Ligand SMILES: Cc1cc2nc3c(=O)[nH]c(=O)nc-3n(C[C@H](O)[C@H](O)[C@H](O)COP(=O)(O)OP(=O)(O)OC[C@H]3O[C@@H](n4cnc5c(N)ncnc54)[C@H](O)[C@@H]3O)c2cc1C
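Single chain ahead, by itself, as structure tokens, in the form predicted alone.
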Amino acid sequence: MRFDFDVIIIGGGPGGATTASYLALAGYKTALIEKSEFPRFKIGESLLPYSKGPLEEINFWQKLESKYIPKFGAKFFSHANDDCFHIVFEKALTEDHPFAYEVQRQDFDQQLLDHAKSCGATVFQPDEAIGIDYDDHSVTVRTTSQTMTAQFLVDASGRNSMTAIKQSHRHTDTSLSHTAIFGHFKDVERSPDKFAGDIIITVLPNLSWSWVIPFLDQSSSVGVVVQSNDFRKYKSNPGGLFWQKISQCNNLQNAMKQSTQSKDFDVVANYSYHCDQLAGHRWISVGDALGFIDPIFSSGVHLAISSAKYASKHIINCLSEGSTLITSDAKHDYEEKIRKGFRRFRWAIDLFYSSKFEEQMKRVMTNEQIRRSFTSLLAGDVWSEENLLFRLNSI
């Protein structure tokens, strides 16, 4: 049977573009369908050090050096006092992933999608997938402009979770019912040393928190995350709630004192969800189409890039063996691998939202082995079995 492509990917964000790069570099005829014009604004601007591996494998990591500010760690502040917990990535279990980058997503996503094209992927943009049909031998995708066939489909449709929603596999995580309010600002105060690019997280009252992500051009992404119930009374004035939360921490308020807003506020509510099935007959999901937990530890883009790597590996194996995902061990292996990464990040997120986070962080910082293990987790090394935290907590 003849196909238009070996693999069709729906979605051109980091998960889709990374998958397209892997498959095209492996010599497979790959199509990517992206409904939006690029560049387009996107949240999720802080990369993790362990994204370096996949991005190096597709020859992309080196393209980031001159464009983005390096991030050597993360600083955690408390609104209640001047305590600062500084996690430095080079002090993890291994020292071979000492930094990542803070990226403006409209630039990063465009750059990564262009890289997928340079690897040999065919990109249809703007074009929207409106229908998917499977049979024993192929998948057919209908878009707003054409119909195409392939052996496999990759769902990288992000929060749309096209495959999961169609099959009723996606569920909102009601235990993480949060709303984020964020904008961009010029001249937010930052550290004058090599740690100028470190993300700053401030723990605020009532299970809320803020982020400050510095960029190379002296602008910063600043956001606050609140309980969705608390947001409702400010629904018509999200900026009012933003500034109220900023005022709850002296360090944060002082850092923002000389700043000017350069991008209007955006709001994203109830963004945490999970999917029951991550792969099936001739399809596999990557990135936010798999699920999303919480932005506190910047796991979103990292899980997208990492899932793209593992999905590509399984697709390449299936294509070379002539098997389908549902009749091979690939489906089970892939789902177990991805769920393990989500589970370990979720453990850290639950710790953050517990009432004992600051107390636990003090213990973390005074025990070298635990500190190194926690640092590795925050760097994105969530698949290592050498991490003491994973063994102690059976995750």
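Start at 1 and count along the sequence shown; that's the residue number. Predicted model only: the values in this text are computed from it and were never measured.
Keep in mind that the form predicted in complex with this ligand is missing from the display, and what follows is about it.
Considering this ligand in the predicted complex, the lone stretch of 43 to 51, 361 to 369, 343 to 351, 57 to 65 in range is 43 to 51 [heavy atom distance within 4.5 Å]. The shortest heavy atom separation between Lys337 and this ligand in the predicted complex exceeds 4.5 Å.
Residue contact check for Ser312: none of its heavy atoms lie within 4.5 Å of this ligand in the predicted complex. Not displayed here, this ligand is approached by Gly158 to within 4.5 Å at the level of heavy atoms in the predicted complex. Contact check for Lys331: no non-hydrogen atom falls within 4.5 Å of this ligand in the predicted complex.
Think of it this way: in the predicted complex, this ligand has a heavy atom of just one of Glu128, Glu90, Glu189, Asp173 within 4.5 Å, and the residue is Glu128.
Along 3 to 21, a non-hydrogen atom within 4.5 Å of this ligand in the predicted complex is carried by Ile10, Gly11, Gly12, Gly13, Pro14, Gly15, Gly16, in order along the sequence.
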